[in-house]
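In structure tokens, one chain follows: the form predicted alone.
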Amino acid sequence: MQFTILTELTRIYFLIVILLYTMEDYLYFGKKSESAKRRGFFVQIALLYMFVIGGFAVIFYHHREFSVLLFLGGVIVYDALTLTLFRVFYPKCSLLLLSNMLMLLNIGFVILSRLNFDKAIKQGMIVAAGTLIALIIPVIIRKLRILEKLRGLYAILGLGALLVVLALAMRSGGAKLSIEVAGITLQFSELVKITFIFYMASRLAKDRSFKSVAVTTIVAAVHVGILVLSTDLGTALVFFVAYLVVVFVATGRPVYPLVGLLGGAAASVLAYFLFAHVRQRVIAWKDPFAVYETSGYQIVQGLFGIGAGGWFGTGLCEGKPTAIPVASKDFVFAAICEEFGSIFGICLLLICMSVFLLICTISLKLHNRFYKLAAIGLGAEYAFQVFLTVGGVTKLIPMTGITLPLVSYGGSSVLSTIVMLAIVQGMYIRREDEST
């Protein structure tokens, strides 16, 4: 009885914490004074600590391993240092973007520690290294004026990295995704997401003529084509959507994205006939129970997990999320919904949406067109990646093998997302400089 009561109390506890955090997230947008925003920020940080401490306390209660408490201490120190250093070095940084990044990372730390503690440790080390890099990026964005003139460099770096993956990558899940260097697995396409957006922004910032759009389209098509040849179709789709968004925002002409969508639809049909694993994923999406023992197993287990959790979850460490294949990567959302509940999952999506809305707001207020286009492009990549992940898990769309940014296990993914958000922080600080 005591164990059951404890489980019920922790379920309620986590639900209240995430609901209050999400509510404060959206109240933040309506606050006008800096003092009110700062108070809201401190409330969110308090809720963040309540969540991560409660999460690791439950995991320790179930496993009784001292290493769990050590990792909790490391996470608390990381959060405190990140908050302090960003606010000291960049007093004008976006507090909401900073708190949301940390909350998503902390949700990831808790669920990864529940699923595979060794992976959680590795993720923590990569996050710490990525944050050190992120501390340098805003000053580069703020001070270095040459960034918008390096379009050739962005194209060469991006295409070169993708070609290296195409030539040397290991095949995983039917796709060439990563290469191993000195024992470290690198997924270059995650970092090319940034150079890809910077190339398009630099090309279209000052020249929005048909010729410029055509050249941008060709270079974008080569990026996407290499990813298709690598059969990394999920990432290719992210690149394609980002291209459509940036071209539309840059030109204001809907004919370009409409033509692009028609071309994308034709390419999707072609991919269905060319790639066997694409056909398998479509079949599994249409009726996963019919192919339960093969390609449908992952989707079915994910749906079972979400269904078992219901609205309020089974309780942390009370479900069976490890029965879901790659639960720490592509299907981490299903694992979260199983143990924390679908309400928690919805709040998680609202936090992700808040990040996207904030990036859009920053983009709209920037005067420099290069940074304006770069911000909206990075925001589009982030939002569409979330959509692909959750859509695949919930059977809204076929699986794409895309991770949930900052939450799923994956060093290259979490590193590139932290860098992307640091770039946006730099743009936010530039906006503050322009308004003073």
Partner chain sequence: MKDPNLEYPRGIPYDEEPEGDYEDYDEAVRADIGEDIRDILTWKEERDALAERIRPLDFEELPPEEAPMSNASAVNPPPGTYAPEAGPGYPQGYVPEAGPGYPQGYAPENPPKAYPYGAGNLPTSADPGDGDGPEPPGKKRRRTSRPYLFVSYAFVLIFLLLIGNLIYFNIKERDAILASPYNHRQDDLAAIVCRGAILASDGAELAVTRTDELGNETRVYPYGSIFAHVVGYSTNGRSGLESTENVSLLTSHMDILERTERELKGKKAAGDSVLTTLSPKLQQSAWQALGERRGAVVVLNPKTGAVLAMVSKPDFDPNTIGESWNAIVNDPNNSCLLNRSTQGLYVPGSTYKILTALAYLRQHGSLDGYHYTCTGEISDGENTIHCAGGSVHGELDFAGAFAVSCNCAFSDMGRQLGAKPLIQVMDSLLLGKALPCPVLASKSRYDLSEKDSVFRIMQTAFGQGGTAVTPWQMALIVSAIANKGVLMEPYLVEKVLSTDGKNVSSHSPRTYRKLLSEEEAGTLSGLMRAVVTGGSAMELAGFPVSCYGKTGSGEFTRSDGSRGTHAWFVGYAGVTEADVVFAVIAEDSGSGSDVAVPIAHAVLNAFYS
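Owing to the predicted nature of the structure, the values given are computational and were not obtained by experimental measurement. Positions refer to the first chain, counted from 1.
The form predicted together with its partner chain is left out here; the points below concern that form.
- Its partner chain in the predicted complex is approached by L357, whose closest heavy atom lies within 4.5 angstroms of it.
- Although the partner is absent here, I336 sits far enough away that none of its heavy atoms falls within 4.5 Å of its partner chain in the predicted complex.
- In the predicted complex, T394 approaches its partner chain with a heavy atom inside 4.5 Å.
- Although the partner is absent here, G315 lies well away from its partner chain in the predicted complex, with no heavy atom inside 4.5 Å.
- For the marked spot (L115, T216 and R281), a heavy atom within 4.5 Å of its partner chain in the predicted complex is absent from each of the three residues.
- Only one of F289, Y272, F89, F210 comes within 4.5 Å of its partner chain in the predicted complex through a heavy atom, and that residue is F289.
- Of the residues given (L150, L303, L186, V228), L303 alone sits with a heavy atom within 4.5 Å of its partner chain in the predicted complex.
- Heavy atoms within 4.5 Å of its partner chain in the predicted complex map, among the stretches 305 to 313, 76 to 84, 100 to 108, 155 to 163, onto 305 to 313 alone.
- Contacts of stretch 376 to 402 with its partner chain in the predicted complex, defined by any heavy atom lying within 4.5 Å, are made by I376, A380, A383, F384, V386, F387, V390, G391, T394, L396, listed in sequence order.
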